[in-house]
Ligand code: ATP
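Just the one chain here, the form predicted on its own, laid out as structure tokens.
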Amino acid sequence: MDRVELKAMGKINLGLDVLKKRENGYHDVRMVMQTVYLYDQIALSKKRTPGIDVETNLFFLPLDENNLAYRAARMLADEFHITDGIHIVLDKRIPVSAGMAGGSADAAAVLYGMNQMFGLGLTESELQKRGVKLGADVPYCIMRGTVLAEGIGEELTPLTQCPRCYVLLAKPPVNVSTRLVYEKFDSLSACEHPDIDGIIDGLNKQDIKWIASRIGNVLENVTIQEYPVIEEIKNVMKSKGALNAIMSGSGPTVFGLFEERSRAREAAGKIRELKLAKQVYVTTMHHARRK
């Protein structure tokens, strides 16, 4: 196999709670992760000259070891003594620095694709053990679907798939530093925590209204103070019929859950009209195939 093409799916957090900070600086979290049908297109191919080349449609992205896709390819090439050169093409569609794990999804796709292309024989679990060395979200991006993530995000438990609904995504024109968000969160004296168990109950009941009433993100306590536009986008979504709307990850992307596509599209149009966000998408949940 000389070429592999893959879809690197983005994610949202139906629930994100931070439990404590570890001595090594990482945080224990409890999150309900959900893949959405917005993806980067990844193409891997062998080349005659040695080394790893990365090509992308976004001029500002690094093309070296500062790129997670490059690092994923380098990791497996070094471990398995792969002598072929590797060319990686990243057609980026997931918003960058947006709380949707775009970089982690790209790394996961490269690990999966390299495993196929070179016949490495690694299981999903073995790929995840390598992926966590690149980033806490990478193991989830290999698994995909509706998942409870614990530990630093690498302890994964598949959940009942989320009921089908429409997802409106809107990324305002601001960039958020995950590290700074967590640093400011650590200094908070108290905050309201999301109902992760309630979300799981809703998944088991297959009740999207129950789920929507309980989605939440503890990091909103920090990020919305810094970027009030996030609250503005949430309010527009809810005023236009969203069952609920919250921020994904450390932000700044906001997502709303809708029962009707027409209402999601109407909300998307209003967000564009108000110039609250340029990157606005109406999509659906992506359900991973379970073995």
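Heads up: residue numbers just count along the shown sequence, starting at 1. Values in this document were obtained by computation on a predicted structure and should not be read as measured data.
As for the form predicted in complex with the named molecule, it is not shown, yet the points below apply to it.
- Checked against the named molecule in the model of the complex, the residues Gln128, Thr146, Asn221, Ser97 give one hit for a heavy atom within 4.5 Å, which is Ser97.
- Checked against the named molecule in the model of the complex, the residues Ile211, Leu111, Ala101, Ile86 give one hit for a heavy atom within 4.5 Å, which is Ala101.
- When the named molecule is considered in the model of the complex, Thr49 lies well away from it, no heavy atom lying within 4.5 Å.
- Looking at Ile199, you'd find every heavy atom of it more than 4.5 angstroms from the named molecule in the model of the complex.
- Proximity of Ile233 to the named molecule in the model of the complex: non-hydrogen atoms within 4.5 Å are absent; the residue sits far from the partner.
- Shown alone here, Thr178 lies within 4.5 Å of the named molecule in the model of the complex, counting heavy atoms only.
- Of the candidate stretches 22-30, 64-72, 239-247, 259-267, only 64-72 contains residues with a heavy atom within 4.5 Å of the named molecule in the model of the complex.
- In the model of the complex, the named molecule lies within 4.5 angstroms of a heavy atom of only one residue of 134-173, namely Asp137.
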